[in-house]
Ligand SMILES: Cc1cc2nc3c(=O)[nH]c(=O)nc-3n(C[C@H](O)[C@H](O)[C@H](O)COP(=O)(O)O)c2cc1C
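Starting off, we have a lone chain in the form predicted on its own, written out as structure tokens.
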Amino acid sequence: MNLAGKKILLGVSGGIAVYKACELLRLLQKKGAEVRVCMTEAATEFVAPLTFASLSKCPVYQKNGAVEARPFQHIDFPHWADLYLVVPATANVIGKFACGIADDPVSLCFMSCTCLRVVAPAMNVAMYNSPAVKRNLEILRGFENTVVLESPAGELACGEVGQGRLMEPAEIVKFLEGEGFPLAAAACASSATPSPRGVSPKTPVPPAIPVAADVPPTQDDTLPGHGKKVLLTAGRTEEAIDPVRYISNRSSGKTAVALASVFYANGFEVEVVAGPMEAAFPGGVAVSRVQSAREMHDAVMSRLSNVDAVVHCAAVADYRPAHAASEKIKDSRSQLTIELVPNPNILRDCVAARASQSAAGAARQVIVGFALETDHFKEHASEKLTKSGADALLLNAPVASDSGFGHDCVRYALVRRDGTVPEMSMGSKVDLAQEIVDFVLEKLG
């Protein structure tokens, strides 16, 4: 099958091999295919839907209801597709397919799908060899327009050795591009004869090529950020008043997760220094956790010499208590005065360190800062950019309804060092992230 121009729906169910679905999506796109994604709730625990949305440039169909979700996605997505891939397919979702249960996006799409369907099992060897799973796989092989890929033997994520591994993404693409693939599903259906108990006999499936033990996905050397490393700050910082109280800023971390996802999708090696936050980072991103502004400062400065770009996305507290109480301050209802002292300015210290590195002959880094403002946007952004010395400043304003903190959209503008401040526009945090990534790529040449 020629994958160029094909519309492929990728169904992702919850297993440790979910990260390989990200690699498969990129490989399909390289072949010229357009890919959309649906996920089970369990799959979102392994890789955030935002990662797949960033890679596919399309909202992910998920059970908990994405903002962009439509009421008939379980019909629209399968009808749109030329091919439905379920990668990885867990024992749970395979059982649903075989028994006609449709209670999550992946099984709903399987039920309503009329195009070719390819199922790639992935699970522990004991589960793969269990009578129930074997029976369910036999049933699926008897379905019309359905192909079940073999699971190669090898070392599994749990440490055991045996069948149950997910076929490597490159081998799945190779299988789809094989001359006999479009006929495989028809061959399965035409040669299957239901047994008295309703279980179809096994039909021939093109053999899988043996693969090596599990390894993390390699970065695609055709992606623009390949060979480059970016450091992000994320979340918020918390400055202790006493053991139970602190000073902080509002931040869910969603913008940082969008940045990490889009940088990773563009081939960058991504490292994050993250304060407390609610959003979860995608697999493949290295995350170091900190609590206070000083901890974040030390973590960033220790990593600075090894990266090509730094994006300061964290909501860092400007001040901290001069003295944190060792015991909880008792509630006497009397007036309490807290002496504050300034925290280090991480952005400015990075710019100063870059200047020293440049003087020593090191390659110039790209540094992008963030500025959250609630009034006089352009004036404040221009002033902050000039004082910081950064290459650009992402101005954002969480003042509109259903945007900003904890939401998927925000009002923003990327301010560059050419003296002009563009008008702010409302967009998704993925769009914001893509604009920053494009700027960094431009500056890196």
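Rigid core (definition): largest C-alpha set, two forms, superposition within 1.5 Å. Small disclaimer: the values here were computed from a predicted structure and weren't measured. All residue numbers are counted from 1 along the displayed sequence.
As for the form predicted together with the ligand, it is not shown, yet the points below apply to it.
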Just one of 375 to 383, 410 to 418, 42 to 50, 25 to 33 has heavy atoms within 4.5 Å of the ligand in the predicted bound form; which?
42 to 50
Decide whether T90 counts as a contact residue for the ligand in the predicted bound form under a heavy atom distance cut-off of 4.5 Å.
yes
So, M127 and the ligand: in the predicted bound form, are they within 4.5 Å at any heavy atom pair?
yes
Verify the contact flag for M424: yes if a non-hydrogen atom of it lies within 4.5 Å of a non-hydrogen atom of the ligand in the predicted bound form, no if not.
no
Can you work out whether A120 and the ligand are in contact in the predicted bound form, taking contact to mean some heavy atom pair no more than 4.5 Å apart?
no
Across 128 to 146, which residues bring a heavy atom to within 4.5 Å of the ligand in the predicted bound form?
none
Please state whether A122 has a C-alpha shift of 2 Å or more between this form and the one not shown, with the rigid core used for the fit.
yes
My question is whether V106 is one of the residues whose C-alpha shifts by 2 Å or more between this form and the one not shown, given a fit on the rigid core.
yes
Does the C-alpha of A390 move 2 Å or more between this form and the one not shown once the rigid core is lined up?
no
Shift in CA distance, A43 and T233, in the predicted bound form relative to the form shown here, given it is 3 Å or more:
farther
